[in-house]
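In the block that follows, a single chain appears as structure tokens, in the form predicted on its own.
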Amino acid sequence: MIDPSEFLTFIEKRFQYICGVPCSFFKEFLAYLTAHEKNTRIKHIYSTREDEAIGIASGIAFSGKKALIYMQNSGLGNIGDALTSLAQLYKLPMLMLLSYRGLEIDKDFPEHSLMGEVNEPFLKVLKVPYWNLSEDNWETEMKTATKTMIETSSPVALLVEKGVLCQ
């Protein structure tokens, strides 16, 4: 598991905001963020829906600041319109952390299995560059995704498997 304090320190250097809809795959990081909110310069905004998180991050991008978004991969199905007709259309940079539910280690609910199968093809159809975030190489993967986000001025994604940001 990536150390939550190291992960937050990395994010603080590149983003001003973090927003999203919680997923248990992010629970240790989100618990750490909540416990240290007063000591961090990151502003944390909770969203009620994933497309709302895209809207919030879009507004942040319009102001010249950067947002990191987190959501369960089932929420990927909810963001299509907000992503394509707002964030991508206006070339708004944002980094999405998507839990990668539905893999063999996480076949606990039928909806996770189906979404796990279509995650990557769906991101390809949406033309969202993506990487898998790994415990061993996370800093390089985060730097690559952030660099691509800035260079293309567009949304990018990192798929996060169980155990990478939670035990």
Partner chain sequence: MMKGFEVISALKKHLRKDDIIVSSNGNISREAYHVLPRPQVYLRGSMGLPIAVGLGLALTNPKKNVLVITGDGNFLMGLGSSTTAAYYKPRNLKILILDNMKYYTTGGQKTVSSVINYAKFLDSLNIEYTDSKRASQDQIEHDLSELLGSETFSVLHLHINEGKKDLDNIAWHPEEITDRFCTRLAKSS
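Bear in mind the structure is a predicted one, so any value in this text is a computation, not a measurement. Numbering follows the first chain given and starts at 1.
Quick note: we don't show the form predicted in complex with its partner chain, though the next part is all about it.
In the predicted complex, its partner chain sits within 4.5 Å of a heavy atom belonging to Y17.
In the predicted complex, its partner chain sits beyond 4.5 Å of every heavy atom of L97.
Interface membership of H44, defined by any non-hydrogen atom within 4.5 Å of its partner chain in the predicted complex, is confirmed.
Interface membership of K27, defined by any non-hydrogen atom within 4.5 Å of its partner chain in the predicted complex, is ruled out.
Note that among 116-124, 129-137, 62-70, 27-35, the stretch whose heavy atoms approach its partner chain to within 4.5 Å in the predicted complex is 62-70.
Shown here without its partner, the chain carries E52, A82 and Y90, all of which come within 4.5 Å of its partner chain in the predicted complex through at least one heavy atom.
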